[in-house]
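One chain follows as structure tokens, the form predicted on its own.
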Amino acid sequence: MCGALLVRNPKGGLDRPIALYSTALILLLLANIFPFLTLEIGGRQEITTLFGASQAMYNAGMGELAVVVFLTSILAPALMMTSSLYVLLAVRFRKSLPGVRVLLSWIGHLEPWVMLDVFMLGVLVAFVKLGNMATMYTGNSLYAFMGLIVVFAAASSSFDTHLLWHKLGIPGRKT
């Protein structure tokens, strides 16, 4: 059996990453709907959402940073999750959907732009730095975002591109 391709069948098959990416997408939606943080300084209260944080940076003259925050904490994760779900569902249900191969090849290029954990680290640093100057209250969005980080990491680790390429009929393809 020279040249035979050995493809592992991961525990949970394709259902596990589908469930995890679906959960991550719901958590991303929740993280963007509810208030992320409430900051109280001198009796004045500012409530912001995840998107609102990026928008506040833009309004404060930090346009480049606002774009990077938006891309790495909202847009890239949303594209990664929807693209991965599209590919996984097409392969799982054996549907020949347009663009599946292109999306699968681009998922590897999109992954480095998803920096949910880096954004969270920035939020933790802000908590420490602003702790003496302001009173901060966490919103439900922050908890959804923390769950998103964990679920997204689990989804990414269960996403097997080699298996997907094999099931699409392109053995040995690497991304």
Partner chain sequence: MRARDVGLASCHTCGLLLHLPASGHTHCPRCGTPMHMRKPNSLNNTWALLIAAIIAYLPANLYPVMTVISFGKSQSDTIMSGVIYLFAHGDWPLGLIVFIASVLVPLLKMLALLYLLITVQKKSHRRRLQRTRLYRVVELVGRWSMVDIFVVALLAALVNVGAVATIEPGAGAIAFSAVVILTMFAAMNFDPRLIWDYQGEDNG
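Residue numbers count along the first chain shown, from 1. Since the structure is predicted, the reported quantities are computational estimates derived from the model, not experimental observations.
Heads up, the form predicted in complex with its partner chain isn't pictured, but that's what we're talking about next.
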Can you work out which of M146, I33, I26, M62 has a heavy atom no more than 4.5 Å from its partner chain in the model of the complex? M62
In the model of the complex, do I41, L124 and L130 all reach within 4.5 Å of its partner chain through at least one heavy atom apiece? yes
How about T138: is it within 4.5 Å of its partner chain in the model of the complex, going by heavy atoms? no
In the model of the complex, does A56 have a heavy atom within 4.5 Å of its partner chain? yes
Spell out, yes or no, whether the shortest heavy atom distance between T82 and its partner chain in the model of the complex is within 4.5 Å. no
Even though its partner chain is not shown here, does M115 get within 4.5 Å of it in the model of the complex, heavy atoms only? yes
Of the residues spanning 76-110, the ones with some heavy atom within 4.5 Å of its partner chain in the model of the complex are R101, S105, H109
